[in-house]
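Next up: just one chain, as structure tokens, the form predicted on its own.
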């Protein structure tokens, strides 16, 4: 099992999911209630009534203005988690308050901070394409019945596209092309790149861009441990000039693939996915195609990782995993996650002394 990393920001929802309906999500094993106050602010608090632990996100719980009314016995809470009303008595028990969570809306995500200290100046990593007028975005979320570390492994080794996603995004060149890997241990970022100078154009890009021949295909990954994955994908017909020194690249197509990787429980994960493109911005047909096809690709991963989790659950103790060159990014991510988790455990142990 991949250890939880606390004192971090995690994606709890898309901004469009959080409104005046009560939404429940479980992040790092903590049930969280999400909604928007009347002034539009997102609110995050514990999703369990202090009285009999009824989930506040479940009907008939409801909002009364900015207050949450438990649908079981009527305990009522303000946005600060403090109980303001209990049934049948005037006195409100001093301990009748819910934990609240720092919450931040950024780049179309609603992030929550899970930890035993305040975030201070720490901000989530950025995915600015998701709310940029220069990009058009399709997105979704799929629950995964597997350890979040398996999803990290999957996304940092894209050679599996050739075999698992053939007919969508996979071509032989993805598995055949060597990768380069860089690790920034200080910031907890892993970079994995695969540049294909002459590759078949998979249907995912052929249909969306209109390219009919072979392509130059770049895959540049940034994994910001523990929670955000970015794939900078550049697609251009073979022979197209490389980007200029100033970064301009007018003759290529660019797709930014974003994953919010949020551990829910020890063996369940929220797989938030988004695809942002800088071409055919107003073409609904392209949006529909990319949404449908990327959802299919995500579900292929979900099915495979759910199967893998079940297989790993039956492995005998002491099984030795085999790793090769394509695993360098995933192995680096594992080391960073283990270090961050250990550092968090040490801080919690020191605070408890």
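Numbering follows the first chain given and starts at 1. Predicted, not measured: the structure shown is a model, and the values here were computed from it.
What follows is about the form predicted together with a further copy of the same chain, which we do not show.
- Annotated contact segment (heavy atom within 4.5 Å of a further copy of the same chain in the predicted bound form): 153-161, selected among 153-161, 217-225, 239-247, 266-274.
- Contact check at 4.5 Å (heavy atoms) against a further copy of the same chain in the predicted bound form: none of 212, 234 and 345 pass.
- Looking at residue 133, you'd find every heavy atom of it more than 4.5 angstroms from a further copy of the same chain in the predicted bound form.
- For residue 279, no non-hydrogen atom is located within 4.5 Å of a further copy of the same chain in the predicted bound form, even though that partner is not displayed.
- Using a 4.5 angstroms threshold between heavy atoms, residue 117 stays clear of a further copy of the same chain in the predicted bound form.
- Within this chain, residue 71 lines the site of a further copy of the same chain in the predicted bound form, having a heavy atom no more than 4.5 Å away.
- Just one of 312, 286, 63, 298 comes within 4.5 Å of a further copy of the same chain in the predicted bound form, counting any heavy atom, and that one is 312.
- Along 322-336, a non-hydrogen atom within 4.5 Å of a further copy of the same chain in the predicted bound form is carried by 322, 323, 324, 325, 326, 327, 331, 334, in order along the sequence.
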